[in-house]
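Below you'll find only one chain, the form predicted alone, shown as C-alpha cells.
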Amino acid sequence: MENKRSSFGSNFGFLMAAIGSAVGLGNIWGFPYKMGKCGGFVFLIVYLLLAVFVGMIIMCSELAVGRKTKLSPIDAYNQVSKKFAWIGWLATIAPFFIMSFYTVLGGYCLQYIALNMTKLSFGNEAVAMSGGEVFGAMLTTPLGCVVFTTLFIVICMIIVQGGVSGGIERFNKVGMPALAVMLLIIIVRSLTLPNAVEGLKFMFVPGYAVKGGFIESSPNLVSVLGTAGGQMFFSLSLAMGAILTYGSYLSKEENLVKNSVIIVFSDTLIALMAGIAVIPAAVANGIAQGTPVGQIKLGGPNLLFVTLQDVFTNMGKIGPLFGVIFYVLVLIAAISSAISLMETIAAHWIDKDLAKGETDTRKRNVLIVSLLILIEAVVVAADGLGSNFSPASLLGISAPPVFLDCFLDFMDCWSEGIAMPLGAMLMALMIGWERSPELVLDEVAHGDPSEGFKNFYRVCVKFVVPIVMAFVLAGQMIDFFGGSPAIWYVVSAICLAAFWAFAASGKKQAG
C-alpha cells in the first residue's frame, strides 16, 4: 500500500504546498488588523513566541504522525491511539465545515476579478457603484454567488484530482512564488500612496490604534494572548488535518523540524507582507476620502471586498489593474488552502480503496467530496452573510449570539471555534500523557534533532500546548457564544483537567 500511495515529488514541492495550506484569507484580513488593534509589535512578539512554543510543536507532531502512519487523519489517529482515535474525526469534520464557507469566499474573489477586469476594459464608469454598494448587490444576488462558488469548487476539484504531485504540488510550486511577487507589487503601490505611513503606524507602533481612533481602548495582556493564540493557531492550518495529511506523503529523508520552522516563518512573513500591502492603502484611501479613521474598515470581509475595492477605484484608470492583481493573489491563497482541505477529506476514502487493492479511485472520491461540499456551500452562498436569511432568522431569534448571525459564522463556530482547538489540545495530551513524546521524537529522529530540541518538545507537548489550547478554546467560546468570560475559562479548564486525567490514566494502564 505504501508504494502505491501518493507522495510529493520534492521537498520544495511539499514546502510550497504546506505554506500554501497555511497561507489563506485569514493572513490577509485577520493578521494585520489584529496586530494593529493589539499593540503592534507587542502582538507580534507574543505571536512569535506562541508560534515557537505551540505552533511549531503541533505542526511537527502532525507531520510526524502523518509520516509515521502514512494514513489520513481518521486512520492515523486510530492506529496511534484507541482512546483518542476520534480526534481523527474532528480533524476531518473541521475541514468539511470550513469548506462550506471558504469556497464561498473564493467565489467572491472570482467575482471581484471579473469586476476589475470589466473596469480595466471599459473604465471605472462601467461599474460606478462604491465598494459597499457592489458588495451589497453581490450578497443579495444568491444565484450569482452560488454560480461562482461552484466554479471555485470545480477549480479545486480539478487540481486535487490531478494527484498530490501532479495536481497539488504543481499548483503550489507556481502559485506560491506568484503570490509573493504580486504581494510585492501591491506593497510598492500601497506605500507610495499619500498618508500610507498612518497605516504602518497602526500596525507597528504600540498604542497608535487607540491614539488614531481606530479602536476605543487598549487591550489587556489576557486579550492580546487570546487574540495572538487564536490567530497563530488558525493561520498555520493546525488541527484541521491538512498538515497531517501532507505529512503522510513525505519521505523519511525529510527533516521535519527544519520544515516546520520554514513553514511557520514563511506563513508569518507573508502575513506581515499582506498587512503592509493592504492596511496602509486602506488607511490612506480613507483619509483621502475624508472618512473618520475610526470608521475605516481594517478587518474581515469588508476590508477585502469593500474598503480595498474603493482603494482600487480611487486610483483612477490604473486602479483596476491593481485590483485584478490583488484579487488574483487572494484567489491563489484561497485555492492553496482549499485544495489542502479537500485532499484531507478525500484522503480517508482514497486510503480505504487502496487497502482493498483499488488503485484508481482518486477522481471518483474527489468528485463525491466536491459534491458534498457544494451542497453545504450553496446554503452559505445563498444566505449572503445573513443578508437574505440566517440561522437566527430561521429559528425566530431576535438577538442571537454571534454563531447564529449567518451560516458562515455557524460553520466557523463548529470547525475553527470548537473542533480545531479541542483537537489540538487532545492531540497534545495523547502524545504527552497517554502515549509518550517519543512517539513523535522517534519519527523526527530521521532528521537527527538535537537533545535540546527533544527536551524542548517534551516540555511543550506535555504542558505548554494543552494549556494554551485550553486558553484558545475559551476565547473562541467567548467570541461565538458570548456571556461571561469567566464562565468559559472555567469550562475550558474543567475540560482540560478531565482530558488530562483521562490521558494520564490511560498511560498508566498501558504501562
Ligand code: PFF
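Keep in mind that this is a model prediction, so the values were computed, not measured. Numbering starts at 1 and runs along the sequence shown. For clarity, a rigid core is taken as the largest C-alpha set superposing within 1.5 Å between two forms.
This protein has a second form, the form predicted in complex with this ligand, left out of what is shown; the following refers to that one.
- Interface residue among 235, 390, 415, 92, judged by heavy atoms within 4.5 Å of this ligand in the model of the complex: 235.
- Interface residue among 108, 326, 102, 312, judged by heavy atoms within 4.5 Å of this ligand in the model of the complex: 102.
- By the criterion of a heavy atom within 4.5 Å, residue 337 is counted among the residues contacting this ligand in the model of the complex.
- Mapping the unseen interface onto this chain, residue 15 falls outside it, with no heavy atom inside 4.5 Å of this ligand in the model of the complex.
- Proximity of residue 25 to this ligand in the model of the complex: non-hydrogen atoms within 4.5 Å are present.
- Although the partner is absent from this view, residue 240 contacts this ligand in the model of the complex, with a non-hydrogen atom inside 4.5 angstroms.
- Partner contact region in the model of the complex: 94-102, out of 396-404, 94-102, 162-170, 72-80, criterion any non-hydrogen atom within 4.5 Å of this ligand.
- Once you line up the core between the shown form and the other one, the Cα of residue 67 stays within less than 2 Å of where it was.
- With the core held fixed between the shown form and the other one, residue 55 has its Cα displaced by under 2 Å.
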